[in-house]
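To begin, one chain is listed below as structure tokens, in the form predicted alone.
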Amino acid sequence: MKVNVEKIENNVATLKIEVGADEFEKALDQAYRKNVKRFNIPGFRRGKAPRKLIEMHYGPEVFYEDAAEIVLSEAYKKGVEENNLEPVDHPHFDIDQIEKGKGVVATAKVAVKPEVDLGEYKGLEVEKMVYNVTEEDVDKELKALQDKNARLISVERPAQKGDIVIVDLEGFVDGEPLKDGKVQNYPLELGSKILVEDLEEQITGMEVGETREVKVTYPADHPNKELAGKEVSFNVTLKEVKEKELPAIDDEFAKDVSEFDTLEELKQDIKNKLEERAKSFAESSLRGSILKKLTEQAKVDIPQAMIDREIERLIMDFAFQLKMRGMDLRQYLEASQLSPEEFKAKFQDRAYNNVKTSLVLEAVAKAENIEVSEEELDAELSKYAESAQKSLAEYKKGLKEENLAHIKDRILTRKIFDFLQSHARVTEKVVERIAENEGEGEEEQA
């Protein structure tokens, strides 16, 4: 058996496979033993007919397909290992010759992991977003705590902004009842903008027991296509008005809402947590900036097979999230009015970016010999073992192989970012607020 790599072009490896007559004969015999029970030859019990008789009856090629699969699978595996190839898809075989007494000659083509041109990955000019926590931030958190612990007291007066009102709502479009547009005893905080703002404003000023027709025009870009750009009439009945009675922010308040005895201790704890969040935000923004610069300058021709596989993974994750919310993918596609092809296309760019990110970080690790030692892995696992109240050995024994690989990948990704950061030229930029989800998921994605 001989296997040679003829060429590798456009990330497709072509392997020439030659299997001798003797090896093919052995494979034919294996194929015969595998399939003999399928044949019913007169004069022989099922599964007992000789191979030569079956070949005479059905033709000499009757076992060729299975025999070819045996020898070509073995030859392909040998060729991949000997030539250090990294296939990213299933191979495609073209058989040039297959004949008893002569053997098999075939060509295998398979997409392989591409080479990455990293460019100048050291000395990247990147930006780190920095947020400085202020006393106003602490006061805002305190007020949120105060609001959360407010008492609700029923009042006999017209509803006003900030009140919690209990209402019955029934909506109509063009005189027809709105689908799922009737709700009773709905609690609403006026001014929260949970509902359309115009609706909340028109409820303001109503009195308990009053019913009012309220007309609202929904914006053209409203996610509910049934309502987008349309005027909707609501019959609103106000059933109860409750106002918030806020507790005083003092030492007693601190004792009630936390484990601290004084307001100053509570404020310091809030400040510490906000500063931790600001630090995490800064680190995430830096990782995001590094990753953006790194992937933008790197050049790599990604086989579609890798992107398709990532799309499948993303769709599986999406379907799982839907299932957690009591919906399946078919229902989602019907509600979104998307064909399977349109839905799949929505993941194309994200899948491409995910694959490119993974390849680029892997290339950095390879270029700089960045690896995860057993000591580093054990140190990380010890943290999980401690949380699970187990010994390290017990925890490792209960880990699945894929979970262990995932943890190892996380450590490796962290080390790659640490290396890139230590060699980057970092400029700090003070921002006025912490952007939601800024830089989030960079390590997860990688």
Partner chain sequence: MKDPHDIIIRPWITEKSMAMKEEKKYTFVVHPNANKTEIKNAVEAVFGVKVEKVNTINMRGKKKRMGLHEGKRPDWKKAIVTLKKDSKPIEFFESL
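Take the two forms, find the largest set of C-alpha atoms that superpose within 1.5 Å, and that set is the rigid core. Residue numbers count along the first chain shown, from 1. All of these numbers come straight from a predicted model, not from anything done at the bench.
Absent from the display: the form predicted in complex with its partner chain. The rest refers to it.
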* its partner chain contact at residue 397 in the predicted complex, heavy atom, 4.5 Å -> no
* Can any non-hydrogen atom of residue 53 be found within 4.5 angstroms of its partner chain in the predicted complex? -> yes
* **4.5 Å heavy atom contact, residue 58 to its partner chain in the predicted complex** => no
* To do: Report yes if any heavy atom of residue 48 sits within 4.5 Å of a heavy atom of its partner chain in the predicted complex; otherwise report no.
  => yes
* Structure fact -> Here the chain appears without its partner; judged in the predicted complex, the stretch of 373-381, 22-30, 37-45, 415-423 with heavy atoms within 4.5 Å of its partner chain is 37-45
* Asked: Fitting the rigid core first, would the Cα of residue 381 be found 2 Å or more away between the shown form and the other one?
  -> no
